[in-house]
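Only one chain is given next, in structure tokens, and it is the form predicted alone.
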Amino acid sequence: MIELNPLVELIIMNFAVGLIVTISLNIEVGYLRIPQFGRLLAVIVGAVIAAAVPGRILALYLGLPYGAEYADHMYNAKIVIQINNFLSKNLLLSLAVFILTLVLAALAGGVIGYLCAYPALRLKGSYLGITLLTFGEIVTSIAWNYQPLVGGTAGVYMVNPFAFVGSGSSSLAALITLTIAISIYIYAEILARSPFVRMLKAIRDSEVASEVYGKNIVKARAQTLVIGGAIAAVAGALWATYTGRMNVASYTRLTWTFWPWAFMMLGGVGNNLGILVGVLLFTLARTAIIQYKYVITSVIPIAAEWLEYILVGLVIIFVVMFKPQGLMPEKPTLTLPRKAIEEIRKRVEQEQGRL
């Protein structure tokens, strides 16, 4: 197995996971204008599922402790080491565990999205945004304080489904995550051209007109939150699997809610290609700050790690002031191919000329 350069691996992983989360956000915000300030909720649910479920299933199968002892910091490392040693010799089982992890995370994220749809029916604007933000804080607090779930403040080690490749497991995880991110991007592009998203944009632009034409706004919101939640949960599971450890403290509102908002605003709300560009630019900028932090620190009078926060803040301010639609604004979705539209236009012009 080829091992990637650590810097390249970090760029790939940050870009891939950032793209997945931001696409999930764009589906809800860009297409339906849901004020999704609780993106952390689905992400951390996916990470918790990845940390708590597959390892316990394998521990049960191998006759190892799988209850509260599994999440105890005194036993967790020993249990996970034995599980990884077992997986390193079973390629098919390892792949099955990885697929099962993503499926369970997506299902859990979808359920969370559906539950969030209930307040979305009755609340709008900032009230809904604050409610979704609060939901994320509730789940984070539970995972942080309930030790038997994922180790509480100490966290737990993750089962490594790529242990069969040895030292190159993290590089393989990064490449697979990138593949999944590209697949989700393609799915989002197909979805953006579907009648479903055209309906979402119609609801976004005018709920009254959509209701007049018989569109079920309640159902549309629920479906959108389910799709967005499932995709975001997959990102959380992928990140936890890559890092090899689930620690609730690393899942913050800044990283998993406000950064994706900044990515989306920079690239262009409602434009998947713009989001890809926004995530890539931010990833490269953050990586450059990390790589050259000592040089930067010698030039500026502040610690380099604060530049990430300054960067995000400045981008949001400048985008709102000078480029509110982002670098690549949303384009109107055509219901017919351009060639067909041009032919219809020519026919209309010919008929008008005859008249």
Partner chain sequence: MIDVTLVIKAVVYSISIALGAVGISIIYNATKTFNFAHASMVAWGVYIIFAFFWFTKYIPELFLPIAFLFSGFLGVVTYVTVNRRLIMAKASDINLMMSTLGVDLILFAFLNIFADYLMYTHKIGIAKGFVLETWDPRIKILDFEVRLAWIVAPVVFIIMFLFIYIMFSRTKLGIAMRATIENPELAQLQGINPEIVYLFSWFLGGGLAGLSGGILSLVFAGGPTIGMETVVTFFAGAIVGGIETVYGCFVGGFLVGLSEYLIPPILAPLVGSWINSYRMVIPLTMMVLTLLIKPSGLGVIIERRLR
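It should be emphasised that the depicted structure is a prediction, and the values quoted were computed from it without experimental measurement. Positions refer to the first chain, counted from 1.
There is another form of this protein, the form predicted in complex with the partner chain, and it is not shown here; the text below is about that form.
Contact annotation for Leu225: none of its heavy atoms lies within 4.5 Å of the partner chain in the model of the complex.
The partner chain in the model of the complex comes within 4.5 Å of a heavy atom belonging to Ile130. Contact annotation for Arg253: at least one heavy atom lies within 4.5 Å of the partner chain in the model of the complex.
Proximity of Ser194 to the partner chain in the model of the complex falls outside the 4.5 Å heavy atom cutoff. For the candidate spot formed by Tyr31, Tyr114 and Arg198, no residue has a non-hydrogen atom within 4.5 angstroms of the partner chain in the model of the complex. You can rule out all but one of 63-71, 32-40, 285-293, 48-56: in the model of the complex, only 32-40 has residues with a heavy atom within 4.5 Å of the partner chain. Contact with the partner chain in the model of the complex, judged by any heavy atom within 4.5 Å, is made by just one of Val159, Val279, Met265, Val150: Met265. Residues of 306-325 lying near the partner chain in the model of the complex, listed in sequence order, are Trp306, Tyr309, Ile310, Val312, Gly313, Leu314, Ile316, Ile317, Val320, Met321, Phe322, Pro324, the criterion being any heavy atom within 4.5 Å.
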